[in-house]
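Coming up is one lone chain in structure tokens, specifically the form predicted on its own.
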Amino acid sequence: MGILRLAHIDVRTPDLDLATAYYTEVMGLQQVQRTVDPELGDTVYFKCWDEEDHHSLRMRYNPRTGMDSFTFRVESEDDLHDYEKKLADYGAQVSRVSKGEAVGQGESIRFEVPSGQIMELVWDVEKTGNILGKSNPSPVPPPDLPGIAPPRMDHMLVNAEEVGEAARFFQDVLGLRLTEQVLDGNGHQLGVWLAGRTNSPHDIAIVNGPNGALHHWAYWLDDWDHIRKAADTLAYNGVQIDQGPTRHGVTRGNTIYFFDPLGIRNEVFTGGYWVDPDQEIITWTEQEFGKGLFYYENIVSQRFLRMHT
């Protein structure tokens, strides 16, 4: 029983055509499908070139930008039942999403996390394969892919008014591992980084902020050179860069943060360390968090912490 990885993020945008142009031509994602659903409305599904699942990003038209939900994939089909019971014991209201209700995935369970975001767990996802195929595949994608063209989505960060409460939920109920934390002078958690069954230093992070908010999601790039090329692509296309290119102290990752045309923060990320199951938690003090956040600049950027979707 366990949570494997981030499966997909579902967001709303008031200009679906502009968002589609950005995510395909600047980010370089693959547009998988576009639907008009009587309940969801006009919706576009995207994936990265090396992802096997049907999609990793769903964007639907709505006058207000925001996040509908995020979904993690579990290790086995039986996990849905086991997590359903654990969530009910915790006191969460859990609903079932039947196979066929959501494009690209089978039955799942849906609930609200303590910080107010809607989360789903799913096991059965439609596998459509990556761009390379399965017969004598090239080790690299075609050189003419547009934009940044990340191979996969990597992690996400959400806000919580009570970070400690949210962290306990993800650890005690969902079984994620705490890898790093930031503590204030009284020992209260201001930020936490949590990993599922991956060896990543984080699959989801939670920092202090308003309940229900999304801070960003991140795409993986293979190395620092790809980060530099991403910066060139963003600057060439006039994309608003928030921070970077730079490096985190937390996770040791290399990064750029920037905004899509409708104000949703994206990140490209690479590096970081390999997390073993028995790794001890790394703790940052509030006084040293400037280096933890942006190691070279050694600043706690209030704009970075306060701006969210």
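These numbers were taken from a predicted model, which means no experiment stands behind them. One-based numbering along the sequence shown.
This next part talks about the form predicted in complex with a small molecule, which is not shown.
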With the distance limit set at 4.5 angstroms and only heavy atoms considered, check whether H215, L293 and F304 all reach the small molecule in the predicted bound form. yes
What is the one choice in L157, L87, V239, I109 with a heavy atom within 4.5 Å of the small molecule in the predicted bound form? L157
With the small molecule left out here, work out from 63 to 71, 29 to 37, 251 to 259, 276 to 284 which stretch has heavy atoms within 4.5 Å of it in the predicted bound form. 251 to 259
Going by a heavy atom distance of 4.5 Å, is E267 a contact of the small molecule in the predicted bound form? yes
Classify F289 as contacting or not contacting the small molecule in the predicted bound form by the rule of any non-hydrogen atom within 4.5 angstroms, answering yes or no. yes
Do L121 and the small molecule come within 4.5 Å of each other in the predicted bound form, heavy atoms counted? no
Just to confirm, V207 within 4.5 Å of the small molecule in the predicted bound form by heavy atoms? yes
